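The chain below stands alone, shown as structure tokens; this is the form predicted alone.
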């Protein structure tokens, strides 16, 4: 959710903090704030995005070599100047930034107010600052219930940053004579690629030449890791938006994953051992899970897929394998599902894109996707990488070689961009759109609808094509966009569903393959990809669906990188 950054060293803190917050804005952009300790503790903050607030507040006027910053995705308290982080204590000698939710903040706030503390915001975070007035960090942590990544700075101790982590990500970045602490690696990747990933229960401090990590359960020894992403991977590199850049990076992600094919073999062998596979995930990752469900069920492996927040109703045991999927590896509902599964004796295989994530640490086995940093809030290349990982596992279990040249086919699909934009121009003023598919095309329809509605704000719904006539057909009228990813599997039945739409005047946009002539008799528009196999088409079609959502969004003069009310990493339940 929220973006956190802390710096301590020899350089001007405010300049580094501001640049880091620009890189972290995908985690929240309701408000922004920076606190720096120089001659005193100075804070500048306000509601709004980094670019607009920095113009009015001029953050770089703050002088000092240590400080903290925050970009917010609101949970407790509306996006206002008063609720923006950092939050301070009564005497404004302590500043705190926080990601997560303090579940018992109401009781703590009442107790503090009864003891004379004056609050200036509606946030749960402010209680932390007031508690730190009279207590040390371990004592404060003993009083907090909930999830948190906390970084604090004190006017009277400018040589250190305090930190604590519980169920919200926090990473230390190690430099030469300077150190960083952030909620995500891209914040400081231009400055250093040496990191220490903190774990649940960790707390301590960071100084410019050293750091100390303790844990509520005892001593903590966390290894230093080197991140192999280059800093340019977290920059736009000439693209107008990160979303477009990241869609265009999908072929490279595919190529990197195919090179690491041998690394997946142990996981394919592991999957064969279990009587049942249970996928759990949320949002886009849940659509990956549905794709995997279709793949594995097709070869006789009993497989189910359950949304993370609904996992408590599942019956599961020690003979089951849970495959938990999360782009960030920090999705709260997915982690909660994993915790329940482990309590019942199931084994966990995780798929995530962030090295050292909470999900990876909780799992018995882990697949790390090779998508590199993804900055836009919407999942594009990470979704493709997740699907590809499951596709390769499926092929290994089946004893078949994967399709060669997938990355070349994906590059061919990207050349359809101009055609896709023309279709986007036809539908960008519509109020509703429907995505329908059968078999393995159904999760793709769900994902296409999600992409369109989350960034363009057009109402979009994805469903099995056969369900159209059980209610939704009443909403189809002249010009209503209906997007159909066609597959060889159940092709005739899907064409029949398209005929139902055509009879009501709907605008049918079909995704098909070279050589499929029949589709042109039914569809209003056809986008064709290279001919391949049934299971491979989703790996090509997804680029079309993402580009369609992108172009509709830009035509509506909206940002595809920062949709309203959404954040990249959902660390609250």
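As the structure is a computational prediction, the values presented were derived from the model and not from experiment. Residue numbers count along the first chain shown, from 1.
If you look for the form predicted together with fructose -6-phosphate, you will not find it shown, but the lines that follow are about it.
Enquirer: Which listed residue (331, 168, 125, 384) meets the criterion of a heavy atom within 4.5 Å of fructose -6-phosphate in the model of the complex?
Expert: Selected residue: 331.
Enquirer: Heavy atom within 4.5 Å of fructose -6-phosphate in the model of the complex: which of 458, 185, 377, 427 fits that? Just give me the one.
Expert: Spelling it out, the residue with a heavy atom inside the cut-off is 377.
Enquirer: Only one of 409 to 417, 394 to 402, 487 to 495, 279 to 287 gets a heavy atom within 4.5 Å of fructose -6-phosphate in the model of the complex; which is it?
Expert: Among the candidates, contact is made by 279 to 287.
Enquirer: Looking in the model of the complex, any heavy atom of residue 178 within 4.5 Å of fructose -6-phosphate?
Expert: Flag for residue 178 set to no.
Enquirer: Determine whether any heavy atom of residue 327 comes within 4.5 Å of a heavy atom of fructose -6-phosphate in the model of the complex, and answer yes or no.
Expert: Yes, residue 327 is a contact residue.
Enquirer: In the model of the complex, does residue 85 have a heavy atom within 4.5 Å of fructose -6-phosphate?
Expert: Answer no; every heavy atom of residue 85 is more than 4.5 Å from fructose -6-phosphate in the model of the complex.
Enquirer: Is the gap between residue 450 and fructose -6-phosphate in the model of the complex 4.5 Å or less for some heavy atom pair?
Expert: Yes.
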